[in-house]
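Heads up, the chain below is alone and in the form predicted alone; it's given as structure tokens.
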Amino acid sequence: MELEYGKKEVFDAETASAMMKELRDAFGNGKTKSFEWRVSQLESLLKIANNHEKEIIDALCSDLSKPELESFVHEIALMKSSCKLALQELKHWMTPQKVKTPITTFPSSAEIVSEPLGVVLVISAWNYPFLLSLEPVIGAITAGNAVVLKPSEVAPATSSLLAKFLGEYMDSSAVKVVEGAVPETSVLLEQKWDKIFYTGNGRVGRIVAAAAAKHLTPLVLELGGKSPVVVDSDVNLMVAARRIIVGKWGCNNGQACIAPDYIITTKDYVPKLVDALKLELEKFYGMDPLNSEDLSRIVNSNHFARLKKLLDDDKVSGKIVHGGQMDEGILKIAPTILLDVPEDSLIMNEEIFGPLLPILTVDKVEASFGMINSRDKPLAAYLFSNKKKLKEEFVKTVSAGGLAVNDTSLHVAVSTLPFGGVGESGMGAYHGKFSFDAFSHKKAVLYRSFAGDAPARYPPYTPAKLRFLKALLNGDILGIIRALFGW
């Protein structure tokens, strides 16, 4: 295995220790804190995206057969947009924030200073291996940290590309890439970090959290969950169907943490919805979707077998109303819709992370909110409706990392919104300034002069001092005046 740090060697505790010393030294000498260093590194990341677009697209195709349009729009363009925003706003984000002070500290002024945490670790995911690797790195650099990126070994072509280009373009004393699998990740987790940012599943998230707890290391966990879609009967059906399809199958063939995981609609409306989904799916991917170049493949044979097991469950046999075709030789599964699957089936009790989409039915659409809230909190939840009252109830009632009304997935592209989970779907958030904040410590600073020194705060404590301080802390202006005059 070739590492960004050093020559070809085993990445063991000794190697990790040497790497950490170099990173601590780079951070300790203060260079990562400078505005100029942060700008230079962000500009280098932009150069990687601009100069090597074809290599990035080829790597994503190798790892996932990801269509070029999805690779550019969902990965390269979003990463470049994050870089450009950070470059545009960095000076403003770094500027201390002035805040008000109370009368008890008069005369004084105060501010909140954003300072970098130190040396941070980013453990990335395989489904969007370019974007989900570099967007947290952008946040870490913007905040002034030294950073180690551990790309996912499940996307080896992109992992290798990231190691190569970050090694060539970035300041290698403060930005490093470590490739590898479980052994290398385990060694990394044994080190003391100032923050860990992990994107992946809840099982590994618990391992990362346990390792972080040993050093009291704060962390961001970007996980997933079963993101629901509620469809009301008063919608533009064709537009709703298209937006559900592009959020599910147009996002890496369902292998996305915010992809719709299941639909809830009414018994009366479900035939129309199923027909619309079938019609639009055939328009998008043809009659033989396994041969469509616009559908990503399943990432590997293990995930293919996992998805096949969900469909082989006796409880869902006969529930497929569209699709179901699969070819293990090319690791492709067609867009598949299942109707009225039991809630105790396998497919309804784990995140699908693939091209299977169950539909559940209720008598009244309002009943769907209770169904959602009876489960673990998802990373995203979606509602299609034109009813103002239903939208308000959805926002007020449903707890999820993020919500979108009358679309799917698009909220992640809004840089002024935080992206992150809640409960089982994760903790912490990033995107835009939230990425800067995720890797910063908000340091409280109070400035006072030597004037206005109040004797009442010092011993010996007397009844007069107590009367004054009671009046002051209670905001009793008349009481303050009385105490000062000894009345």
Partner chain sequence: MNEMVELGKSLAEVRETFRGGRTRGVAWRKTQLRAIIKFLTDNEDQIFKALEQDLGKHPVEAYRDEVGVVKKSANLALNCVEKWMAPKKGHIPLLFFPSKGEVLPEPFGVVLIFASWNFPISLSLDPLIGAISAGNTVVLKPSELAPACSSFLASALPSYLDPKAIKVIEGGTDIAEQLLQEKWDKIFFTGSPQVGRIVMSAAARHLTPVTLELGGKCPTILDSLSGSSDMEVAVKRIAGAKWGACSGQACIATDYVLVERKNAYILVDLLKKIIQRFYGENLKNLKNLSKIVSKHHFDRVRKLLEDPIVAASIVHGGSVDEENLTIEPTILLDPPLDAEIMTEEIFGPLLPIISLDNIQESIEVINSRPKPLAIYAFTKNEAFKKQILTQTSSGSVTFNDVMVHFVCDTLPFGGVGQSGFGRYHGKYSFDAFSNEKAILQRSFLIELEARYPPWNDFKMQFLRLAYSFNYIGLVLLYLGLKRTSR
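Numbering follows the first chain given and starts at 1. These figures come from a predicted structure and were not determined experimentally.
The discussion below concerns the form predicted together with the partner chain, not included here.
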property: Interface membership of Phe35, the partner chain in the predicted complex, 4.5 Å heavy atom rule; result: no
property: Touches the partner chain in the predicted complex: Lys391 (any heavy atom, 4.5 Å); result: yes
property: Contact flag, Val182 vs the partner chain in the predicted complex, heavy atom cut 4.5 Å; result: no
property: Touches the partner chain in the predicted complex: Glu190 (any heavy atom, 4.5 Å); result: no
property: Listed residue that, although the partner chain is not shown, lies within 4.5 Å of it in the predicted complex (heavy atoms), from Val175, Ile263, Ala256, Ala404; result: Ala404
property: One residue of Val398, Ile337, Val154, Ala334 in contact with the partner chain, assessed in the predicted complex (non-hydrogen atom, 4.5 angstroms); result: Val398
property: Segment that reaches the partner chain in the predicted complex - one of 202-210, 359-367, 121-129, 321-329, heavy atoms within 4.5 Å; result: 202-210
property: Any residue of 158-184 that, in the predicted complex, places a heavy atom within 4.5 Å of the partner chain; result: none
